[in-house]
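Quick setup: one chain, the form predicted on its own, written in structure tokens, and binding and motion questions come after.
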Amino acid sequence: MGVYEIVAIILSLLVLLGIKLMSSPKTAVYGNQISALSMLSAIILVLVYNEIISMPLLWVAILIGGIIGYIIAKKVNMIQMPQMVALLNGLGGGTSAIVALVEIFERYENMIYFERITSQLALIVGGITLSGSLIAAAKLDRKIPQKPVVLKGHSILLNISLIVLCVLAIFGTLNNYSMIDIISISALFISILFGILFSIRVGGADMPITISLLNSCSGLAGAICGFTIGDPLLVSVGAIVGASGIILTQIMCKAMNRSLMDVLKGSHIADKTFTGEIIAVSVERDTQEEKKSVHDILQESKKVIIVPGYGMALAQAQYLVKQLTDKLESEGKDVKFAIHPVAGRMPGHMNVLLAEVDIPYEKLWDMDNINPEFEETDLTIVIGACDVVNPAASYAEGTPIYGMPVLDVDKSKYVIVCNMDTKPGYSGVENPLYNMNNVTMLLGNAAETLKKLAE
């Protein structure tokens, strides 16, 4: 084992350490810095090892890219972070596709069969990641409709036929040198089209899964590309990103009660029709009491749980949430936060927003740990959440959220909902929570309604 391989292993372990540290808001910044520094070191290592460190064009490109990245990172606010992540996933996949295409053009005839297969595979996976991520970013940024777009024959005629064409491109060119350039460019366009068709039929409810999956594809494309060019460092780092992405994808699927196969096929459970009735079940202990004012509820409540959702992010209301938390705690109340795994538009979206305003990580509770506490909670404050607190998920068969674990906020003594309106969330399923006797609705922009609560 040479010096290059040893340093590559060390840098890979540092990237793993950075990812591990990023799992907690307390150490996330430090972990991100370690990973970024490791990646910069990896770039310099590759340039030195390949004796191209003195090429001015490379340094100019790194400088330009670094400046652009810095400007975008500083300009993007926290609510736009999902779009940013989706865009970076796409750029990673596109880069792998470009490298694979250059390798095919320059030395395909001299490649062994394994390299020929990996080059085509990197080209295809990179193309899918690029276009799929761009569509995801556009949906998240509301540049295109967020609702699923389903074309006639979407699953069978379009998706499956494109997959078959991609497979033919991989194995059909092993001994065909004369048309390899045309076939490879065609494969790239087919993969880009497949990525578009895959992403356009994904709705807002499945976006956290989609981002995680595309993140995994970005790492996978890099790892495959590493096999093509024979670089163990690229293989290891790409594999780390790919593995972490697929693990997160499985966590998101479990949280939404969706199978990974459904997501991979681009199937959308919302195609099913719910013919039953969405019922608001009254809470018996409240039917005997007069409806209390929000002020009285806040004064009487000792144990409070706050449930943030995408509406909080959209209104940039996390700062007011912090003010409300400080006020409640100054009055001697116990305040906790209930975080649903798919709240927001990307995994950890709510955690990041709350960490931005210095909400202690110890106050953030995941769904499994916080659900048993709702029955003993005096007040739950829902801020901009709908599907993740919809009790219909337990009985509305045929709906997109049926069987999805949700936060049991309806079991609290009192619930205050700060939502823009009473319309269904991205799933399209009406929320019976809004009509329960123990629920008070404060409609309007979350930033405005929270001001009243924090006064």
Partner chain sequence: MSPILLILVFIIATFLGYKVISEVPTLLHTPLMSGTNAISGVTLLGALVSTAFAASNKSKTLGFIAIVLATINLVGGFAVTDRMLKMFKKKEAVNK
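Values in this document were obtained by computation on a predicted structure and should not be read as measured data. Positions refer to the first chain, counted from 1.
The same protein also has a form predicted together with its partner chain, omitted here; what follows describes it.
- Only one of the listed residues (140, 346, 305, 124) places a non-hydrogen atom within 4.5 angstroms of its partner chain in the predicted bound form, and that residue is 346.
- Exactly one listed residue, out of 294, 247, 150, 163, brings a non-hydrogen atom to within 4.5 Å of its partner chain in the predicted bound form: 247.
- With respect to its partner chain in the predicted bound form, the three residues 168, 260 and 316 uniformly fall beyond 4.5 angstroms at the level of their nearest heavy atom.
- Stretch 35-43 is the answer when you ask which of 385-393, 401-409, 414-422, 35-43 has residues with heavy atoms within 4.5 Å of its partner chain in the predicted bound form.
- Using a 4.5 angstroms threshold between heavy atoms, residue 225 counts as touching its partner chain in the predicted bound form.
- Although the partner is absent here, residue 105 sits close enough that one of its heavy atoms falls within 4.5 Å of its partner chain in the predicted bound form.
- Although the partner is absent from this view, residue 112 contacts its partner chain in the predicted bound form, with a non-hydrogen atom inside 4.5 angstroms.
- Proximity of residue 232 to its partner chain in the predicted bound form: non-hydrogen atoms within 4.5 Å are present.
- Along 40-76, a non-hydrogen atom within 4.5 Å of its partner chain in the predicted bound form is carried by 42, 43, 46, 47, 50, 52, 55, 57, 58, 60, 61, 62, 64, 65, 66, 68, 69, 70, 72, 73, 74, 75, 76, in order along the sequence.
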